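A lone chain, given as structure tokens: the form predicted alone.
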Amino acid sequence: MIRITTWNINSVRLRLGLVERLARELEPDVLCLQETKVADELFPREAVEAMGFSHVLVHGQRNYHGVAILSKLPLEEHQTHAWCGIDHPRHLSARLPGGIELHNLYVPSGGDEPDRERNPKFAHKLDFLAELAAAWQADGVGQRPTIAVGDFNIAPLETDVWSHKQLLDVVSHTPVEVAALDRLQASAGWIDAVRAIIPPEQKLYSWWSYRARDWQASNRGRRLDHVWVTAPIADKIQTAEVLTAARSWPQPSDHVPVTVDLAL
């Protein structure tokens, strides 16, 4: 059994104590972080190694973006990937024991206006997804045992947002973004591991804005964080959990961890 957790930590150094708490309470074998916001040479390697993660891969920069894979299992053939000719640290991949590919993604958020002509950030988000889909399809990723996790910054289902109707024009749930994510999913025949366990009819969120005075009372969430697997390991999905309680931890991230157990 392999337990994989993905979490947009929103500054790993600021929330290192929360990472330690997660490692202690959930005991993931692999922890994929996004928005680490730290240059590689300043990543707190010794601290995460002390948590049991003896294999650490980082791809970051100061103050913005950044992804990391913390693993108790050996990692091989690691690669960084840049899309759209923009050298942002948003995609890191490696190979787990048994030849399992693992991709850790931090998809661009897309800014505030869902118009690619007026908003370059939104255009970048759509182009990022399109380039990645083309690459995965060309590489035959769907034919291999592969896992993709991360902050995809899109809530695709009506039940992935607090109000489908009110968020149709809000970046992260617009039809054009959902269609782009659908194409990415089709590029390798990805299976949404979380929704394979938690019924699509059930409301489910992994992000709540800092702007809410009381996030629990308003519960205006979105499911932006995902775990996907390809068909060769789809039958290995055992459990899935969104750790909603982490949104109330001290100095929390606005995202919460998402965990999937795979019988690998």
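Sequential numbering from 1, following the sequence displayed. Computed from a predicted structure; not experimentally measured.
If you look for the form predicted together with the DNA, you will not find it shown, but the lines that follow are about it.
- This chain is drawn without the DNA; in the predicted bound form, the residue among H164, K121, K72, R95 with a heavy atom within 4.5 Å of it is K121.
- Heavy atoms within 4.5 Å of the DNA in the predicted bound form are found in one stretch of 50-58, 208-216, 191-199, 230-238, which is 208-216.
- Site residues E35, Y106 and Q251 are all in contact with the DNA in the predicted bound form, judged by any heavy atom within 4.5 Å.
- Although the partner is absent here, R13 is a contact residue: one of its heavy atoms lies within 4.5 angstroms of the DNA in the predicted bound form.
- Although the partner is absent from this view, R90 contacts the DNA in the predicted bound form, with a non-hydrogen atom inside 4.5 angstroms.
- Remark: H65 counts among the residues lining the DNA in the predicted bound form, judged by a heavy atom distance of 4.5 Å or less.
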